[in-house]
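Shown below, as structure tokens, is a lone chain in the form predicted alone; questions about how it binds or moves come after it.
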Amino acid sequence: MNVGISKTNNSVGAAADAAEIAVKTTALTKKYRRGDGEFAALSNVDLTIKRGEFVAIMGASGSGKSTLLHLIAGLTRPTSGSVEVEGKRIFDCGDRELTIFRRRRLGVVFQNYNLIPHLTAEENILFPLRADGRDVAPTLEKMRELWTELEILQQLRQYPDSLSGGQQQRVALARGLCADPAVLLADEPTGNLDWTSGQNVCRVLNKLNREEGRTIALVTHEPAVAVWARRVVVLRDGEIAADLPTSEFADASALASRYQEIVRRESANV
């Protein structure tokens, strides 16, 4: 009888642990054809992101960081391995089911904004909800609070080509959050911005994580951006080279030094 109780408790505990996981990748691999052979952009990556975590994924160009984010977002399919979001193995879904799941449970922010030029800023933000056939009215008040925080209320009726890069990125961020996603995925969200605009985006992401418990995975090559996260995963040649809590670092310079040390060490081992 005691054994039975133990097993039940263990299974309940395992279920509770699983419920705390927002994203899990297992042996995730992505290969591309290159000439007569294959190139592994990502190799057997095991990564777990808990609910409410803010994780930065760092690496040089070609390290696999954007590939990893696109796989988590379901924008490209892996060669092998799996991705789970909220316990759902997303690549077990058909294309239509995956599209609907991504629209409802994943917010994606791209470096180049991907705003629709003939729609106003507000129409761009609300597009995912309307594409899903949802009524926007019940969430408009809450979204207006976010728009105020992002300082874009005055730009809502403007078209993308009349907005600055920082304004376009904040509109893209608002769009990524409009469906109240389980995970916000941001691919180099400050890459096209000046220092001040980039740090402002980082502050907003940090506040969303700490005050609302938003789960965020952000790809960057900049230590000054990564240091805003709670954890930094360093990729090199498609593999995880390090997984570091940012609490270990006094500032972005300290993180940058550690990052360069990891890259140099890994290079010496090649």
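What we label the rigid core is the largest C-alpha set whose atoms superpose within 1.5 Å from one form to the other. Computed from a predicted model, the values in this text were never measured in an experiment. Numbering starts at 1 and follows the sequence shown.
Below, we refer to the form predicted together with a small molecule, which is not included among the displayed structures.
Enquirer: Spell out, yes or no, whether the shortest heavy atom distance between G52 and the small molecule in the predicted bound form is within 4.5 Å.
Expert: Heavy-atom contact with the small molecule at 4.5 Å: absent for G52.
Enquirer: Any of the heavy atoms of G62 lying within 4.5 Å of the small molecule in the predicted bound form?
Expert: Answer yes; at least one heavy atom of G62 falls within 4.5 Å of the small molecule in the predicted bound form.
Enquirer: Just checking whether L208 would be counted as a contact of the small molecule in the predicted bound form - the rule being heavy atoms within 4.5 angstroms.
Expert: Judged by the heavy-atom cut-off of 4.5 Å, L208 is well away from the small molecule in the predicted bound form.
Enquirer: H221: heavy atom within 4.5 Å of the small molecule in the predicted bound form?
Expert: Yes.
Enquirer: Could you tell me which of 223-231, 31-39, 210-218, 44-52 sits within 4.5 Å of the small molecule in the predicted bound form, going by non-hydrogen atoms?
Expert: Flagged stretch: 31-39.
Enquirer: Could you check whether the CA atom of Q199 moves 2 Å or more between this form and the one not shown, using the rigid core for the fit?
Expert: Moves: no, less than 2 Å.
Enquirer: When the two forms are laid on each other by their rigid core, does N112 show a Cα shift of 2 Å or more between this form and the one not shown?
Expert: After core superposition, the C-alpha of N112 moves 2 Å or more between this form and the one not shown.
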